[in-house]
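Only one chain is shown below, in structure tokens, and it's the form predicted on its own.
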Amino acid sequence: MPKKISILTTSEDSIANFCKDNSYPTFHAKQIKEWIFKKYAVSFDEMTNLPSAFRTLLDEHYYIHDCSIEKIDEDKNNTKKLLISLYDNKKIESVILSKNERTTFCLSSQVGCRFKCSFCATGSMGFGRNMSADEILAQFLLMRSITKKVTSIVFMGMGEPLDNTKHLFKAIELINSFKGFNLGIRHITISTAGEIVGIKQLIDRGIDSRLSVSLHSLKDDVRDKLMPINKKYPLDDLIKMLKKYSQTGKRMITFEWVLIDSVNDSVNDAYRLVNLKKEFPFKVNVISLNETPFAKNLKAPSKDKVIRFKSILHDNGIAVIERYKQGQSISAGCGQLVVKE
């Protein structure tokens, strides 16, 4: 018996060749892809316009995905956190965010994370492995089985997306493609801790998704402590790359800024962002630290400090949004995802 392969990432031409080699019409390849990407089928038995014997043959050679939901937690605001088991029994968490008419899928790209940001629980897991493109796509299918609506996706779950560009870019291609899930590229956001090599690949490939950068400080000594990646890619290098990214296609960058009491919430911290505005346009998402046992000796600022920080940015022409703390009660908020087992 041949080893099964993922049909999610197998090209339509390859499936057509499989059909031909087994004496079935090649147009079945298009039907199979439509069942998966347009009708969200998760088994070959659902593909009722295919001959029964052919469905059995497909099941012997392919799988749609081999991931499963082990647990779903839900809060009062309809935020859902999924514990998903991968083919090798490694676990990841993903989140469905619902607010008003919008539903966002927050997808993971790695098992754990190697970057160990001081305020993020995921880093405490260490790095397990990269997720494959079909595992990333499986998250989408599993979420779609829970809610029939999706308006956007963000690669802001577990892991650093731009540390796994080979599989990330393949997944984005199939999510965005007309023959895939057909979600507009501007409805896809990649969040990065500042992986410069990955940002350059976005520029070189012309991938026009949205880019969100976890910045959190414009002082190297502070950012070194909050985000060890800064020791590899200091702020000067990161800002130069982001300026190039912004100028290529006139893209608007979003800075994520987790406000931490007496660390990065001062008047001077806000004005450093104001000065950076001279280099290229950006907007800022601020959110008070979600306190966890992993964020030792760090605490959220007072509401007055949050208001002061936002006001300085707003008064100086920077678009600033305070992110609502969705999912905090079920540990599904920013920096809270972790598989404790």
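In case it trips you up, residue 1 is the first one in the sequence shown, and so on. Please read these numbers as outputs of a predicted model, since none were measured by experiment.
There is another form of this protein, the form predicted in complex with a small molecule, and it is not shown here; the text below is about that form.
Note that among 154-162, 168-176, 80-88, 133-141, the stretch whose heavy atoms approach the small molecule to within 4.5 Å in the model of the complex is 154-162.
Between the small molecule and the residues 29, 312, 50, 287, the one pair within 4.5 Å by heavy atoms in the model of the complex involves 287. Though the small molecule is absent from this view, in the model of the complex it lies within 4.5 Å of a heavy atom of just one residue from 217, 191, 104, 209, which is 191. In the model of the complex, no heavy atom of residue 245 sits within 4.5 Å of the small molecule. Proximity of residue 258 to the small molecule in the model of the complex falls within the 4.5 Å heavy atom cutoff. Contact check for residue 120: a heavy atom falls within 4.5 Å of the small molecule in the model of the complex. Taking non-hydrogen atoms only, residue 323 approaches the small molecule to within 4.5 angstroms in the model of the complex.
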